[in-house]
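The chain below stands alone and is given as structure tokens, in the form predicted on its own.
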């Protein structure tokens, strides 16, 4: 079965859609139906809301989530009361979401469930740590619309990316946009020396010179209008703890002393740079690397958009696979 065995090599998986209706829930369903739960203890949750029968925005039909007997799950109090399965209540969190507290339970029978679990990356990490006490081997996180943070390596070890006609109805554009996201996910880790110096720093912009000396540039974020890069003639590394944006990257590229600099970010979810600016920076001699990297296991496609536009699945899968050098699946077709 495509990529199921690959998933079992990690203790956590995020399934993230690049847009609504790109097949994220269909992918989650596919995975849940095929995991060997006789030998693997699985817990599943969502950082948004998933499992509705009808999409609240497009009013189109959506695949419902069915859990198998023995699977663990986390959802809000509201959706726990609406479950269509028998379950054992294991924990009620002290953290409150807009839909109530987060409930952790075990499915005693197979049945349908709506998932709406921890709503932030930090609360999600706390819940995942709690599942270890339950002997969970694999935690699956259903990502929310445009919130790739759930796929951060700080949260999950591996991920599956869902794309499709809802992201772009033009195959060329769809392939280009998806390939760029895949490229960001696959950014290389920086070297061990940089990792040891930077991993504990969670704020600001810092430099490392050619002699390995670390310096705080006293700038809160790359969004700041007052970024001073003077005196960095011997700089080999710039570390941006927060978001990396176009304006900062352009400023670095235009500085002749920083042409071959390595910019380090925590992980790919911190990169908010357009492909054009990214490529200009790299082509001028710069490099962007990460402190943490997750494994992209596969890309799935939904060739149908909510408006009814249908792309040629075989052409789309072939073009995308060629562009990203990774397995690409149309799960409904397969």
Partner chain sequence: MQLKDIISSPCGISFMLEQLDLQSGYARRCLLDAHMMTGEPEISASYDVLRSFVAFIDRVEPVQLNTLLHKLMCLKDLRGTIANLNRRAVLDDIELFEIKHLSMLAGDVRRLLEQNGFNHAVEIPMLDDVVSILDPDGMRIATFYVYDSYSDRLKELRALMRKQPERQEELFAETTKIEDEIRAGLSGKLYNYARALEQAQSALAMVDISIAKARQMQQLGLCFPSVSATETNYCNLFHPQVKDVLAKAGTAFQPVNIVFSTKPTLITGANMGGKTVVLKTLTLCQYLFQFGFGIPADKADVSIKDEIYFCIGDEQSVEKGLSSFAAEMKNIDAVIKASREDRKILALIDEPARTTNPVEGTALVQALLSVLARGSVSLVMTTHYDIEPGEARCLRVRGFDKGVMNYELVEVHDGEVPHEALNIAQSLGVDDQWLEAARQLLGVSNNKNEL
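Numbering follows the first chain given and starts at 1. The model shown is predicted, which means the values in this text are computed figures rather than measured ones.
The next section is about a form of this same protein that is not shown, the form predicted together with the partner chain.
Peer 1: Taking any heavy atom pair closer than or equal to 4.5 Å as contact, tell me whether residue 109 reaches the partner chain in the model of the complex.
Peer 2: Yes, residue 109 sits close enough to the partner chain in the model of the complex that at least one of its heavy atoms falls within 4.5 Å.
Peer 1: Using a 4.5 Å heavy atom cut-off, state whether residue 84 contacts the partner chain in the model of the complex.
Peer 2: So residue 84 counts as contacting the partner chain.
Peer 1: Taking heavy atoms only, is residue 77 within 4.5 angstroms of the partner chain in the model of the complex?
Peer 2: So residue 77 counts as contacting the partner chain.
Peer 1: Give a yes or no for residue 171: in the model of the complex, does one of its heavy atoms lie within 4.5 Å of a heavy atom belonging to the partner chain?
Peer 2: So residue 171 does not count as contacting the partner chain.
Peer 1: Counting any heavy atom within 4.5 Å as contact, can you tell me which stretch out of 206-214, 239-247, 157-165, 110-118 lines the partner chain in the model of the complex?
Peer 2: After filtering at 4.5 Å, what remains is 110-118.
Peer 1: Quick one: from 129, 202, 88, 230, grab the residue that has a heavy atom within 4.5 Å of the partner chain in the model of the complex.
Peer 2: Selected residue: 88.
Peer 1: Using a 4.5 Å cut on heavy atoms, which of 94, 196, 98, 218 is close to the partner chain in the model of the complex?
Peer 2: Contact residue from the list: 94.
Peer 1: Going by the partner chain in the model of the complex, which residues of 207-231 come within 4.5 Å of it through any heavy atom?
Peer 2: Heavy-atom contacts to the partner chain in the model of the complex: nothing from 207-231.
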